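Listed next as structure tokens is one chain, alone, in the form predicted alone.
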Amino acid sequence: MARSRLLPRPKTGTLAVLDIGGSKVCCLIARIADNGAIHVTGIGYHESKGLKGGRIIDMDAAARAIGQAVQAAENMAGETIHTVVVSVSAVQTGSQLLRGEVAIPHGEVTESDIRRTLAFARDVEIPGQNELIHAIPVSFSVDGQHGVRDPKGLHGKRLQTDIHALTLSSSTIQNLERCVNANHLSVEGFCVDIYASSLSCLVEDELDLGCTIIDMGAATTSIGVVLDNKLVFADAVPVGGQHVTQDIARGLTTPMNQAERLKTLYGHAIRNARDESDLIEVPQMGEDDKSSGHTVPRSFLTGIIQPRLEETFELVRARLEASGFSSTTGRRVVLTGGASQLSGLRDIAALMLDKQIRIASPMRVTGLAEATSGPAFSSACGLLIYAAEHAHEYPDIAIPSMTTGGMIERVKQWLRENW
């Protein structure tokens, strides 16, 4: 089942997106120029509330956090928004590859033929109470000739399309919509966070030749595989930067805010020789007097951080190996997300994954302040690119329903596509 969101998608004008993460809710408002350039005019973010592990656990708290982020972005942009494209965590989505095949009635592939193959994703039996949020055409073949990037205009008898279908539970969609609707906004579409990050972080050669992208967030670590400019696999593990902070808080018996500060200032992913001699002050939990803190070697902090990161990358490696894409993307891995900024992370990722690692920040979007241009905002910026350039992948626009609406609706659809 796919929901009906038939709002028009202008290629120019104003777009608004909402990135709901484990540590922050971020709203971006942007203007799309005639040449397709994306310029951010409004930025608002607020501490994430009412969420745990990418799921809403307190509706009112989540709605308030969304409202405050949206209001800040509107104030900066000087305009009011009415619709948003919303991110969802890959930990909540299902990912599967499908294949659709149709006859080419006129002997030449048309846009209508492509849409009919994509309609296969709408008609396939989706397990459980799930809804289709992405139907990404991965590859085409005409009369068995594979490797076709754009089949439009080619002559043949049969068109075949491999489709990457991503689904989300109906209850998650309803909960997110309620939180957004509570702020007098409507949801125009959903985008998986790792897909958004791939759109904003990967350079052209990485998109063409293939790579793995890993977005390390606060609550989850999302994984995506891109081949031939298409996202072919998406998954996530329920471990992120907050888990490292919690480990530090427990191990050093310090408050969470102090654990986050220690991680940011002194944290390192791999032990080095100087860690034993470097000493750090650790405030104690429940103590107001700074003199009541104690001093520990920096190696103690690293000894808490490193095992958690090793576990995270072990889980990522296991998911990639199970997917069957681990070897097909070569040795290129791109890391992004707020938790990717920890010192030494690139080294431990290279060691655990046995691949070449690059830390990436968002590209192709202008107007960002220095504080909002780092890896922590890759998903939010990617949402803007998705909304501006990938509207044809919205299930409700790209995939006409072939099984609902009755004969009159089918005739109307046929007339729209052919006249």
Ligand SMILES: Nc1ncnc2c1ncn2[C@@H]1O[C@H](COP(=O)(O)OP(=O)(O)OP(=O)(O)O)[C@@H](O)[C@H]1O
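As the structure is a computational prediction, the values presented were derived from the model and not from experiment. Note that residue numbering follows the sequence shown and begins at 1.
Below, we turn to the form predicted in complex with this ligand, even though it does not appear here.
Using a 4.5 angstroms limit between non-hydrogen atoms, T312 is distant from this ligand in the model of the complex.
Looking at L199, you'd find every heavy atom of it more than 4.5 angstroms from this ligand in the model of the complex. Although the partner is absent here, L384 is not a contact residue: none of its heavy atoms lies within 4.5 angstroms of this ligand in the model of the complex. Residue contact with this ligand in the model of the complex: A236 places no heavy atom within 4.5 Å of it.
Though this ligand is absent from this view, in the model of the complex it lies within 4.5 Å of a heavy atom of just one residue from G224, G189, G241, P151, which is G241. For the options S141, S95, Q341, Q258, the residue carrying a heavy atom within 4.5 angstroms of this ligand in the model of the complex is Q341. Contact with this ligand in the model of the complex, defined as any heavy atom within 4.5 Å, is confined among 312 to 320, 333 to 341, 225 to 233, 151 to 159 to 333 to 341. Residues E260, K263, T264 are the members of 246 to 272 with a non-hydrogen atom no more than 4.5 angstroms from this ligand in the model of the complex.
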